[in-house]
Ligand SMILES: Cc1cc2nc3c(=O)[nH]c(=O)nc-3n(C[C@H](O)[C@H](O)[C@H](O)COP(=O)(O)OP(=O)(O)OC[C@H]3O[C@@H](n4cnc5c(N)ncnc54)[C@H](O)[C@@H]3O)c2cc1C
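A single chain, nothing else alongside it, follows as structure tokens in the form predicted on its own.
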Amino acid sequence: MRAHTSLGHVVVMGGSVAGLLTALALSDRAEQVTVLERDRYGDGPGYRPGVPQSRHTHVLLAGGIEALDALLPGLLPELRAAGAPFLSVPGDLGVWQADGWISRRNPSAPVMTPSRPFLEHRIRERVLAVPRIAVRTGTEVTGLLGSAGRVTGVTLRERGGGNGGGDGDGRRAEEELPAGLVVDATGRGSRTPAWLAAIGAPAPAEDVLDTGRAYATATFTGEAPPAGIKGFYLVPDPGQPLGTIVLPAEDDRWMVTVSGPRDDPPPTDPEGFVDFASRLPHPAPHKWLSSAEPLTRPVGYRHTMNRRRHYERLGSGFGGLLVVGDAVCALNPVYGQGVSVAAMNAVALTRALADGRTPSVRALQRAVLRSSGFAWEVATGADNGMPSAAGNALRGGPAIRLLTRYLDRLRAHVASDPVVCAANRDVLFLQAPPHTLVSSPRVLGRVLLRSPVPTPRDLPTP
């Protein structure tokens, strides 16, 4: 049964994963949801200019799998049947951390590793089948309507072609689209702070932590790695700044990402890309890459800043605008959290609206920010210790140094201690808050009172 209180006409800027899942979460409380997407969708999965991350490796973490299943029941079996790989980690993956392989006998949790276009296409099919959700593709939002206290809609224009009403460069004239609620799901490139300034509203405060990390991704085909391993994840750290992730995707393809610091970025030529992998802390990924066949040229990416914008602090009287996904909390993509967090944002909105009332936009914004909290702590906690880390979210002082020493010791135990490994995995997979690593008596006792047991350098066996 639909709730009596309505959000009115909801306009969602951005038709990728965050925008689609937010549209779904709000649709039962809206008269109509209109998704505005700058690109034009193809008939099937495909790369889009507006989603530069679509060519890079993607992971749906265990927390994201749970959220997606709650939002779209039945989708996970459909994805599996269509070829989306599901892995157990660390059981199926060669994970190298703190100078050693994590035992594959440790407790595992699931991840899903389809390509971004494949996953987004399947989500889009399901979401756009909802009667109250409509999409306008090839539509560029150019600004916000409203005043300093409230957003009341957007200005937009159609992109490309068309007869009449144009401005001489293939774009149509601007139009206004009123809304009871405007949602920004436009990602890292969000222009909302500037658009708010244009209507006299304040800009949100920001937390920023940037390591300048760079990475590159290419797609390969080839035999699976040896020892029954279905991929690799070599985790960078302050003492060893190079990393890689090698994961299966649909259609017998492998997505390979290598990463390095700002002054040592991975090359984007095929030969240099493979050679870069020879410098990783273990030779296994490079050996596998050397025998695999590249299907695409490497594509680089450097926008890895962690940035959280506090729209919930604009004041209790401010309304009409909700910001989700990377537009509100952008995380270093090397940790593979983005799609999972988008799904968790949408679940948070569903729960906030579940009791039949319509909370304030500020309350909804707080719910979104809370649902991103675990991921923010994980990403910034990992980046905080990197030598090049900078920004107002950088933490220091005696307490942080003590915590860092403890977490270094914890990571040394992850490889061979099943209890510590499971606790660390649950945090990384967004199923438990990071504070459990320092508040669990079992974990504390093992980390502080036991010596870590090194694992062999040979590839881990099941």
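One rule holds for the numbers: they count along the sequence shown, beginning at 1. Model, not experiment: these values are computed from the prediction.
The protein also exists as the form predicted in complex with the named molecule; that form is not presented, and the subsequent description refers to it.
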**OP:** Counting non-hydrogen atoms within 4.5 angstroms of the named molecule in the predicted complex, say which of 411, 29, 56, 425 makes the cut.
**Re:** 56
Subject >> 233, 101, 288, 215 - the one with a heavy atom within 4.5 Å of the named molecule in the predicted complex >> reply: 215
Original post:
Counting only non-hydrogen atoms, which stretch in 331-339, 367-375, 219-227, 273-281 is within 4.5 Å of the named molecule in the predicted complex?
Top reply: 331-339
Original post:
Hey, in the predicted complex, is residue 11 touching the named molecule, heavy atoms inside 4.5 Å?
Top reply: no
**OP:** Examine residue 321 and determine whether its closest non-hydrogen atom to the named molecule in the predicted complex is within 4.5 angstroms.
**Re:** no
Original post:
With the cut-off set at 4.5 Å between non-hydrogen atoms, does residue 186 touch the named molecule in the predicted complex?
Top reply: yes
Subject >> Touches the named molecule in the predicted complex: residue 309 (any heavy atom, 4.5 Å) >> reply: no
Original post:
Is any part of 284-302 within 4.5 angstroms of the named molecule in the predicted complex by a non-hydrogen atom, and which residues would that be?
Top reply: 301
